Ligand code: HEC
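Below, in structure tokens: the form predicted alone, a single chain.
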């Protein structure tokens, strides 16, 4: 092959390497230039980004602080007992007045418990739900965990570490989750979360009751 053709091919090869090199360089570091947007959407709208300067205000901040003395409309978020299960910085030991313990609230709690909680905790609350059982089967597979399965067994609600928890702490667990358990604050209305707590207390009482919990006139039938 003539030397001139070889040189020509080498030059073409070097030129062909330029586009990927330029692209790699462009992707490796931020650019001060705005991107080219064929469809603008809302990328170039007038706005202030977080922590940016706004000369309109004397303090120069674009993010404005909350006006002193303002409260949310409707239900007050200052009621930590109802919203967080906390009274004077401690876990509440009784239900808030908005959701008293009644047969109706316990029945509602049972319905919500069966929907959201039984897959892992089981209908009895013993931690033997179908999801938990299946996960444990996968983890204990004789050929090894399926696809690297890792599972933390659901806690029995009758465990001593759970049964002694105040209702406020149980409410917090339902709302925000604990350890590997996800919270249900965004899925279950606050009144139903308290109803679930009431039903959990009834479940715990059913498995840990004593003779003193039975009315005197009923004890003879046991």
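Remember, predicted model here, so these are calculated numbers, not experimental data. Numbering follows the first chain given and starts at 1.
The same protein has a further form, the form predicted together with the named molecule, not shown here; the description that follows concerns it.
Visitor: Among 58 to 66, 23 to 31, 36 to 44, 178 to 186, which stretch has residues whose heavy atoms lie within 4.5 Å of the named molecule in the model of the complex?
Guide: Of the stretches listed, the one contacting the partner is 178 to 186.
Visitor: Find the only residue in 135, 126, 120, 86 having a heavy atom within 4.5 Å of the named molecule in the model of the complex.
Guide: Partner contact (heavy atom, 4.5 Å) among the options: 120.
Visitor: Could you check which residue among 107, 152, 139, 94 gets a heavy atom within 4.5 Å of the named molecule in the model of the complex?
Guide: Flagged contact: 152.
Visitor: Between the named molecule and 80, 101 and 194, in the model of the complex, does every residue show a non-hydrogen atom at 4.5 Å or closer?
Guide: Not one of the three qualifies.
Visitor: Mark residue 162 yes when one of its heavy atoms lies within 4.5 Å of a heavy atom of the named molecule in the model of the complex, and no otherwise.
Guide: So residue 162 counts as contacting the named molecule.
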